[in-house]
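Quick setup: one chain, the form predicted alone, written in structure tokens, and binding and motion questions come after.
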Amino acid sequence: MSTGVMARPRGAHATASGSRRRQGRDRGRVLRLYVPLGLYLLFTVVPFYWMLVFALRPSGSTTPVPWPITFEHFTTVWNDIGYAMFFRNSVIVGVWSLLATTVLAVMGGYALSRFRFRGRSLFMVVLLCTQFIPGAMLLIPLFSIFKSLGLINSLGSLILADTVFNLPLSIILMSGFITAVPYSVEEAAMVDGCTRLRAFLAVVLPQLRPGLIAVGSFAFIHTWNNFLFALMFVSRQDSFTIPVGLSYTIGEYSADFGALAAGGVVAAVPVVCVFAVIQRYLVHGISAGAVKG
């Protein structure tokens, strides 16, 4: 009888101890995971919030909440500053750079993944080392080359420059992703009578969709946000891209912060929408290319 009476308090004490340990682990997880993520989210979201505030509140207003809401800044930046032309130029440069980078990255990545040749490892190291070279160091040589080719003040110079700077990392990522596709599948297609090119197009390329999306997304975003090349290689207003066009809202003694913020919102919306659609493929493509490479 006394043994049964003593057993219940022991069990209750063990249950209470286990509950306290679980609560301690939960609190520790919150402190280690959710607090840093919350601070990072706050650090990321606050600038976007203030950009929306400046874009939507009337000129001269100082309230931290955009009320009453006005779209006058969007009208100003789109019609008066010529933002529609800047937007079109950015789309043209971004899409062509995306296509050129993706095609060349697939070709280079396939060569590095499927063929073994002397200097292959050194070549990959050189590709990695190019990521440490600032673009500003190459402005004068690139300007001289583009001037001799007659590409200054044309969107072609921006497409070429952005494609060249996007290629090294894109080739390395694509090489890792192609390596993840078993070569035996490609060999089986060639045994059935396919050429190497046909085997690649029919068997390998369909499996590279996440990698293609990852590489294309990086190339497009880098080109979309590039300010330095667009500023140095283009001086005609009808060839400006969004970053350079927005810089002209800042005068010598004043700045139209409302128009600048409205232009930033318009520039960010397409990128956010694209990432919302492709994020599943993007994360899979980055992880596969990094792990398998």
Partner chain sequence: MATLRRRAVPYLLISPTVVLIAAFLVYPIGSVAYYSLQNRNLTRPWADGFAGLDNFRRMLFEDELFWQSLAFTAKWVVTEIGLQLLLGLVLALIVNESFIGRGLARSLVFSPWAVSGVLTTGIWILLYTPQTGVLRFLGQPETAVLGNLDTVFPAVVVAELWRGVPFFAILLLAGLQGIPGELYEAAAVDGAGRIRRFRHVTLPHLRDAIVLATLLRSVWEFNNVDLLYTLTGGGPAQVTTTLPLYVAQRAVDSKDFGYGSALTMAGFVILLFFSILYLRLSRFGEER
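Being a predicted model, the structure only gives us computed values, none of them experimental. The term rigid core refers to the most C-alpha atoms you can superpose between the two forms while keeping them within 1.5 Å. Positions refer to the first chain, counted from 1.
As for the form predicted in complex with its partner chain, it is not shown, yet the points below apply to it.
- The stretch among 204 to 212, 117 to 125, 89 to 97, 72 to 80 whose residues place heavy atoms within 4.5 Å of its partner chain in the model of the complex is 117 to 125.
- Among 167, 181, 155, 189, the residue placing a heavy atom within 4.5 Å of its partner chain in the model of the complex is 167.
- For residue 176, no non-hydrogen atom is located within 4.5 Å of its partner chain in the model of the complex, even though that partner is not displayed.
- Within 4.5 Å of some heavy atom of its partner chain in the model of the complex lies at least one heavy atom of residue 41.
- Residue contact check for residue 216: none of its heavy atoms lie within 4.5 Å of its partner chain in the model of the complex.
- Put simply, residue 257 is close to its partner chain in the model of the complex: some heavy atom of it is within 4.5 Å.
- Contacts with its partner chain in the model of the complex, taken as any heavy atom within 4.5 Å, map within 132 to 163 to 132, 133, 134, 136, 137, 138, 139, 140, 141, 142, 143, 144, 145, 146, 149, 160.
- With the core held fixed, the Cα of residue 65 is displaced between this form and the one not shown by 2 Å or more.
- A displacement of less than 2 angstroms separates the C-alpha positions of residue 45 between this form and the one not shown, with the rigid core held in common.
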